[in-house]
Every structure is written in C-alpha cells, then in structure tokens.
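Below you'll find only one chain, the form predicted on its own, shown as structure tokens.
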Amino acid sequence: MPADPLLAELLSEDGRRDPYPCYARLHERGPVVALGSTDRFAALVCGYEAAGAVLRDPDFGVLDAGYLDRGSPRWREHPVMRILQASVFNTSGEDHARVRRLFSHAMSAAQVAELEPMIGRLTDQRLDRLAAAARGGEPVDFMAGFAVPLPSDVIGELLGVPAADRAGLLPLVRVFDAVLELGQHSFARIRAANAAGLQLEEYFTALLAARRRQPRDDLISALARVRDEKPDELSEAELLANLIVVFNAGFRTTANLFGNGLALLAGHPDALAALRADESLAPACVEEMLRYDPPVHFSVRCAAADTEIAGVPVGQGQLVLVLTGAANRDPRRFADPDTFDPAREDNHHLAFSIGPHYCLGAILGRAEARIAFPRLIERFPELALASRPPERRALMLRGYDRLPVRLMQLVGAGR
C-alpha cells in the first residue's frame, strides 16, 4: 500500500473508476508531488509543463532491460516481459532510435494520407455490419461491433495480418496487455500474460516465415527483408517483439479513443449536433476527446542522475510517475480543464506523450477517429447510449469493455 494518501487513493478501486478528483487534489499540491521513502516512486508529476519536461529529458529513461537487470535478471523467464523489453516502448538511446526509424516511416503523415481511402473503406464496412447487427432494434455493443475491430483492421492491413486471423488475436492481446496496468499483479495474471505472449510469438513467427516465402506489399514483408538483408539493423528478437507490440498498441488505444469519445459525445448533445452539422470540426473534437478522457494516463521514468523536477529532488535510479492524464487537466495550462470543449484553442495535450517516446501511431489514430466519427453519426442520426456507460478500472489502456448503444429509436418510443 503506498504511503502517500493521494497515491493510495489513485490506486484504489474508487480512484481507478474516476481518477479526476484525485488529479484535482494533486494540482492543489503543485506540479510535482514528492513522495515518501517507502513509496515506489520518488514523485508524482501532474503539472503539464513538468510532465512535458520529464518526458523530453533524456536523463529520465524508460524502464529498459538495464534497469530491470539491476533488480534481478529473472524477468527474462517471463515471455511477456521479454517481448515488452525488446520493443521500442521499453528501449532507450540508439537502440530505440534505430528500431523506431524502421516503423515510423510506415506511420508518417505522408504514408497515413495514402492510407485514408483504406480507412474510409474499412469504416464503411464496419458500419454496414453494425447496422445489420442492430436491424431488430435491439442494443448492440459498440466496442465489439465497431470500436475494436475497425482499428484492428487498419493496423492489420498495414502490417499484413490476414483478416481471418485478427478476431482470434484480440483476446490474446487483451490478456497480454493486462500487465501494463499500474500496481501489483497476481501470479495468475502474469501466468496468463506469459501464455498469451507465447501464443502471439508463435503466431507472428509463422507469419514472418510465410512472408519470407511469399512477400507481399505490407510492413511485415518489408521488415523481414530489412532483417535478412541488413541484420545489423534489426535482430530477429526485435523484429518479432515489435510486430507483436505495434499490432497490440495499434488498435487498443484507438479502440478506447472511439469508446471514450462516443460516450463523451452522447453526454454532450450540443457537441454531437455541431459535429453532425459540420464534419470539419472532427479534428478539433478528436483532440478534445484525447485531452479530456485519454486512453493512457501515465508513464514511468527513471532518473539517470541526481536531478530535480520543479524544485523536487529526485535521486539517481529513482522512479517518477508521470501522470499525463492529470497534466491534460492542469488548470495552469488549460482554462476550465474539467469542461469538455471541442472548440478549445491551443489544445496541445499529452495524450500521445511527447519526446523520444512520442506515440508511433499518433498520426494514424487521429486519422482513424477523424474519418470514422463523422461517418458514424451521419450513418446513425439517432445513435444513443442504451444505458449508462459501465465502469472503467484501468489507468493504462483506459476504456470500456462494453458500450451498449441504440442505433435507431424503437417505433413508438418516447411517444
């Protein structure tokens, strides 16, 4: 149990359900809150400027293999950890930059612009299926019917994961990703994540072998070619780990953007009406969704040397918890931060982080949401939540497991 009462509150059941009251109290204590010597973290970073400074600072690194080795090398006995630590999400310096370059070209602004017709086509296909599922007038699960499968289709097309395989991978991804959540994990959860990691490794190993035999116009084939022709550029372990993690991240965060965003629109009918009347408002509306209720609320960093953050000392090797979800509600940076305002100007939030580990798929995720939301509300002008949104209990990959919606009014309803 954390010694600091606000950190304990954040990690409690109530805090996980609604972290924003806790964030507001943290802001009252300043942009950085020092913690006691018995806490895992030296400080909580909740201010916008302070969070951005830490995330940009190369002296605050991710918890890479070197960090874990200082504790115990036994983390390598866990497949889920081996995969995560070999990915761009948990590497630093030149290793990080080298691998990131290979993936970032495929998700650049120019490349994503070329993908927009594909995104539009896949969106329309998923809307057709959603309409078919709701034909009887009963509620449908927006998450299962649209929010999850659409971005998994998009990242699947980009990477080269066959359409027939994607649905079967989704449960494995959810179990694998569970270890990313803040706090202690049970042995059962770690064991399940390890098993899911082994199955994902087996799948992508076989897919890589198939693409080497018969290359296609996809990212897996291109990266396999880089690995075979320039082995110093990319190891086999790095290739495999990053395919798994990029596929996972490529749809989990965007799926939660869809679910969180739809719930926000349903609760703010004026914003929904404005977007329906003018689809050019979609980019600004998506940015406010990301600021106000982001899919990711924190990052952890380790100090490489004795330093300080906004006057709070942090010793070499100590950890800090960067609460980007709190930074996005910092009243020193955003006027009336607890108000959902799609017309907000200068909305440079930290939902995709910043600095060397800025989200690889930020441009792609934004494009998917910008394209999908106007089509969704145009296709279903009577779209509404079928019940109160269920509770969410995660700070990492924060979103709804289910989100029942009605796509049309029942005959006679409300009369």
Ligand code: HEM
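All of these numbers come straight from a predicted model, not from anything done at the bench. A residue's number is simply how far along the shown sequence it sits, counting from 1.
The discussion below concerns the form predicted together with protoporphyrin IX containing FE (HEM), not included here.
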Contact test, all of Val88, Val246 and Arg301, partner protoporphyrin IX containing FE (HEM) in the model of the complex, heavy atom 4.5 Å: yes
Close approach of Cys359 to protoporphyrin IX containing FE (HEM) in the model of the complex, 4.5 Å, heavy atom: yes
Val80 within 4.5 Å of protoporphyrin IX containing FE (HEM) in the model of the complex, heavy atoms: no
Proximity of Phe352 to protoporphyrin IX containing FE (HEM) in the model of the complex, heavy atoms at 4.5 Å: yes
Non-hydrogen atom contact Thr253 with protoporphyrin IX containing FE (HEM) in the model of the complex at 4.5 angstroms: yes
Residue stretch of 65 to 73, 30 to 38, 384 to 392, 344 to 352 approaching protoporphyrin IX containing FE (HEM) in the model of the complex, non-hydrogen atom distance within 4.5 Å: 344 to 352
In the model of the complex, the residue from Ala43, Leu364, Leu376, Ala50 that sits within 4.5 Å of protoporphyrin IX containing FE (HEM) by heavy atoms: Leu364
One residue of Arg166, His96, Arg174, Arg211 in contact with protoporphyrin IX containing FE (HEM), assessed in the model of the complex (non-hydrogen atom, 4.5 angstroms): His96
Sequence-ordered residues of 277 to 305 touching protoporphyrin IX containing FE (HEM) in the model of the complex, heavy atom within 4.5 Å: Leu290, Pro295, Val296, Ser299, Arg301
